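Only one chain is included here, represented as structure tokens and corresponding to the form predicted on its own.
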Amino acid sequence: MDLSLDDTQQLIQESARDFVRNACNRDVLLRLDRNPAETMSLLWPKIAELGWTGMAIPEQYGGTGNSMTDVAVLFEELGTGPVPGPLFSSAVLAAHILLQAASSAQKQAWLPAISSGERVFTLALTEAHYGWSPEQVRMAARQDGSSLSVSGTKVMVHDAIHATDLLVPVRIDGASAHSLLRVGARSKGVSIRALDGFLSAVSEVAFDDVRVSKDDIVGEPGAAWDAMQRALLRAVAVLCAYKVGGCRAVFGMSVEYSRERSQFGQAIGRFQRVQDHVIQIVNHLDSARWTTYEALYKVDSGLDAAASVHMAKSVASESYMRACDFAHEVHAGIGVVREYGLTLHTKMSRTLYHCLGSPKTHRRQLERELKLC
């Protein structure tokens, strides 16, 4: 397994670093933290112009068909911001769900628009009975003539306020198997309420007798869950790379501060306890990095990647959160000053901790993959 970057990946990395340094610097990120809706006017046109919205989408649907490792290199750099916005939700997760689940006509209708950035799709999956198993997704859709009627609530929906379209798993007429619906985010009966305290514009989405055409059933009725799981295995590895970038950023901030901040006549980085905190960050960064890129290697090589993806998600979620905790130990008081920027990573590490499954969920799935239970 060769983890060195090829020429294409180096160009992606340099482009993304330049974007974070200039178009999405700390002042911009703090502004978007206050007003997440501005993401679409400040950042989205630039992201689409750079072609990042099409990287994970095959050329036949208007994308560039990059490998998942290519995409992960991009997201690792974006994670150093941390850069918010629906790029992952739409151009990686939703795009791969459609590639796995949608009919040929639906792919032709929707994927080019995602690739260009014209439309933003996001997955509205979890409900009040929060969890990532099919038993915990209970929202029902009722057939009503030539359309479906959908009522219920989805919680912790990432980037819903930016979305033009929602992908909504439901049970049609009480069926045991799930179907996937495309619902317009501005349809009559859809209400979106942003939740405070999170990045990535996490929201609650309520559906009140929303009418959905049967043409908007994605793929075959009752076949949604397996298709979503196949897509999630690919998308989760990219999300882990974003968290690796976050770990890298807080490590850099902590080392720099430990060299500049003086106490008792010397830099605090000379104190053993401060060194212990920095070493903890290094351990979490390396754990997240190597598990993530092993998973990506297996995904791109066509190997059985399930166990490695579950391992990476479990490790990366814990690592990003713990790295932020130890970074606050290094920084002490200044770390909680909003304008300093460390709290952006603290919020993002908590926001993404449960996204697409908590570490506990993925450890259980890892056990099943390894046939330990």
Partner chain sequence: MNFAIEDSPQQGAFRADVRTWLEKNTPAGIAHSADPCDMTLEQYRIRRSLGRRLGEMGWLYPTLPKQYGGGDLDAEKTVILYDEMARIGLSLPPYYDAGGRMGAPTILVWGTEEQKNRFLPPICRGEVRTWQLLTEPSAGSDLAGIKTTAIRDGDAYVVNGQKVFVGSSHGADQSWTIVVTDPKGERHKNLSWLMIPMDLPGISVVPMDLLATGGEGGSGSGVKNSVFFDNVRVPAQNLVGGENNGWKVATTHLEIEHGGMGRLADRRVVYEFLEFCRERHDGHAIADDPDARAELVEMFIEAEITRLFALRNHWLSHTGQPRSYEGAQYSLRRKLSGLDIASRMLRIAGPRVLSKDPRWGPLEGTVEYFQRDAITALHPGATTDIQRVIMARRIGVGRREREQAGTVR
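Just so we're clear, the structure is a prediction, and the values are computed from it rather than from any experiment. Numbering follows the first chain given and starts at 1.
We do not show the form predicted together with the partner chain, though everything after this point is about it.
4.5 Å heavy atom contact, Arg273 and the partner chain in the predicted complex:
Result yes; Arg273 sits at the interface with the partner chain in the predicted complex.
Heavy atoms within 4.5 Å of the partner chain in the predicted complex: does Arg338 have any?
Arg338: yes, in contact with the partner chain in the predicted complex.
Is Ser67 one of the residues lying within 4.5 Å of the partner chain in the predicted complex, judged by heavy atom distances?
No, no contact at 4.5 Å.
May I ask you to check whether Val137 falls inside a 4.5 Å heavy atom distance of the partner chain in the predicted complex?
No, Val137 sits far enough from the partner chain in the predicted complex that none of its heavy atoms falls within 4.5 Å.
Contact residue in the predicted complex, from Gly145, Gly302, Gly174, Gly197 (heavy atom within 4.5 Å of the partner chain)
Of the listed residues, the single hit is Gly197.
Partner-contacting position among Arg259, His129, Arg230, Lys214 - heavy atom within 4.5 Å of the partner chain in the predicted complex:
Result of the distance check: His129.
Complete contact of Arg17, Arg21 and Glu294 with the partner chain in the predicted complex (any heavy atom, 4.5 Å)
The answer is no; none of Arg17, Arg21 and Glu294 reaches the partner chain.
Partner-facing stretch of 164-172, 274-282, 107-115, 248-256, counted where any non-hydrogen atom is within 4.5 angstroms of the partner chain in the predicted complex:
One stretch meets the cut-off, namely 274-282.
At a 4.5 angstroms cut-off on non-hydrogen atoms, which residues of 153-179 are near the partner chain in the predicted complex? List them in order.
Those in contact are Thr153, Val155, Met156.
Knowing the shift is 3 Å or more, I'd like to know if the C-alpha atoms of Thr53 and Leu199 are closer or farther apart in the predicted complex than in the shown chain.
Distance between the C-alphas of Thr53 and Leu199: longer in the predicted complex, by 3 Å or more.
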